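This document starts with one chain, in the form predicted alone, laid out as structure tokens.
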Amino acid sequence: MIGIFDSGYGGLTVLKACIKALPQYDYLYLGDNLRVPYGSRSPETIQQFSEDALKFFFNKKIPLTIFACNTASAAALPYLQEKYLRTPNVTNKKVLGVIIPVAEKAARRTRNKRIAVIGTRATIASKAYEKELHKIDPSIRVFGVAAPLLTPLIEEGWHHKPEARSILKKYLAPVKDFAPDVLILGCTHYPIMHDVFEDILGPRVHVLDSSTAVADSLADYLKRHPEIESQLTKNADPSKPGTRIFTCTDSPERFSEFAKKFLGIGDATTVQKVQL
């Protein structure tokens, strides 16, 4: 089974992409919607919340976990990998994030070497994307903009309302001035507004589908690591879907409503409330 963690609902976009690319595997999704949003929290708090989630997957004997949350990937994943994944009792566990695969895809896509990133305050403050992009190509110029209002608007289902579009236009005004040819959606909620981003920025800016980038990276990772792949529960026939388990830390009914309405996945009877 593959674990997918997010601070709330946004990671469902990653789960949906992974299911499309690799339907034969079993998936366990955890959304910490009791404590969402993470993006306005301190790095220490994000690390603690993310550690709680990682322990949840460890207790479930999950061999591979994806931090679908950009904020957790940026602010907590390096810390947790250093603390846990180099110790003898968990060396058979792997935890992947979203920053590296998305940065790699953006670096391949850019032509003018100007890449913009929009995300939560914590993700932008961490400069995680800038650091990864400069590892790939130091000449790439990176511009980051924090958009703290977008996640709650999306979670409330307001993402196609005029108010959301107006707020997004204000966030993207400095991005337009920077003139990138690639925009990284540095929050897993944002792909739900993908068409609005494209409409505001126009055809000269490629709005990168971060969810697909993560799913493609997962498929490649499993090919390169058969020792991990062999631990995952899957159907021999890729056309047959595996098991999908949805868990959250608050209001399973609201979680299920969001998943079905905006992503077409999940069912009220399959969402379990858990404590971290």
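Residue numbers here begin at 1 and follow the sequence given. Source: prediction; values computed, not measured.
Here the subject shifts to the form predicted in complex with a small molecule, a form of this protein not shown in this document.
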Every residue of 37, 70 and 120 near the small molecule in the predicted complex, heavy atom within 4.5 Å: yes
Residue 187, heavy atom within 4.5 angstroms of the small molecule in the predicted complex: yes
Candidate stretches 242-250, 49-57, 219-227, 62-70 - the one whose heavy atoms come within 4.5 Å of the small molecule in the predicted complex: 62-70
